[in-house]
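Here you get one chain, nothing else, as structure tokens; it is the form predicted on its own.
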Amino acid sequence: MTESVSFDRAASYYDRTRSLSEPVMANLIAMLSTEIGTSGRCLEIGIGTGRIALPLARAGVQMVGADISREMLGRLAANAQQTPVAVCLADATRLPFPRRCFDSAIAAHVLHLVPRWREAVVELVRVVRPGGKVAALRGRQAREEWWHEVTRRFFAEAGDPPWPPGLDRIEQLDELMSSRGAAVRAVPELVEESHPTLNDLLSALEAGIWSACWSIDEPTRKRAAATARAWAERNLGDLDQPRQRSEVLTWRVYELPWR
């Protein structure tokens, strides 16, 4: 049985809560298409509902996906319509593919969910050909301190459950890939702008929308959200006032050595 975090429970709301705006998504797909090219096969681990893979396939990239969540793959099939993407139910640490059978790979929002993430990276390197590219993203990071203050308050009240189980910082991946001879390159950051309220954030935490909340039982989430809500109202003001939020997407591209 895999130790990685499955998103079966999030399949019904994943696309609604993890989507990017059209301009940011267009820039992301253009960047990835340019980096990995459209002439070979690309593997995405943690392909999920196809949020990234389906637009890439429509842009001409031959996509293959692996995920441990049957429910997420079912949602991908519904989203795909006529878009050709081959998928398999598989753990990133034990990929069912032969060596050097892909020209590139993508790991977005997934390695932090894999306790044995280094093994997943070794598997990616195994199945991508020499000279191929791996594009990776740890996650989306909010710039604004108010977001971090409220989130820290909520998790502190909930007992500070350990998180993440896998990759914590993209720099850790840089170090591992460098040690395996890969060239590490940062690409221009993408920034997603939105205007949520404090109540939007607290309601999402209370509902357990994000995987960091899944180890917290519902009564504890409700209590932590109520305490954090009272603190936020005292210290940050109107809970229903829209506030600036800028989420930064910091991608890396790793070019594997020719050996």
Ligand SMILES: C[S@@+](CC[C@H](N)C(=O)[O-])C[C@H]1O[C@@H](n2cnc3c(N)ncnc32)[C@H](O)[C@@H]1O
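When you see a residue number, it is the position in the sequence shown, counting from 1. Please read these numbers as outputs of a predicted model, since none were measured by experiment.
FYI, the form predicted together with the ligand isn't displayed, but the following is about it.
Contact here is defined as any heavy atom lying within 4.5 Å of the ligand in the predicted complex, and by that definition each of 14, 44 and 110 is a contact residue. Stretch 89-97 is the answer when you ask which of 183-191, 145-153, 166-174, 89-97 has residues with heavy atoms within 4.5 Å of the ligand in the predicted complex.
With a 4.5 Å cutoff on heavy atoms, residue 256 does not count as touching the ligand in the predicted complex; it lies far away.
Contact annotation: residue 66 falls within 4.5 Å of the ligand in the predicted complex, judged by heavy atom distances. The closest non-hydrogen atom of residue 125 lies beyond 4.5 Å of the ligand in the predicted complex.
At least one heavy atom of residue 72 is located within 4.5 Å of the ligand in the predicted complex. Using a 4.5 Å cut-off on any heavy atom, the residues of 3-37 that reach the ligand in the predicted complex are, in sequence order, 4, 5, 6, 7, 14.
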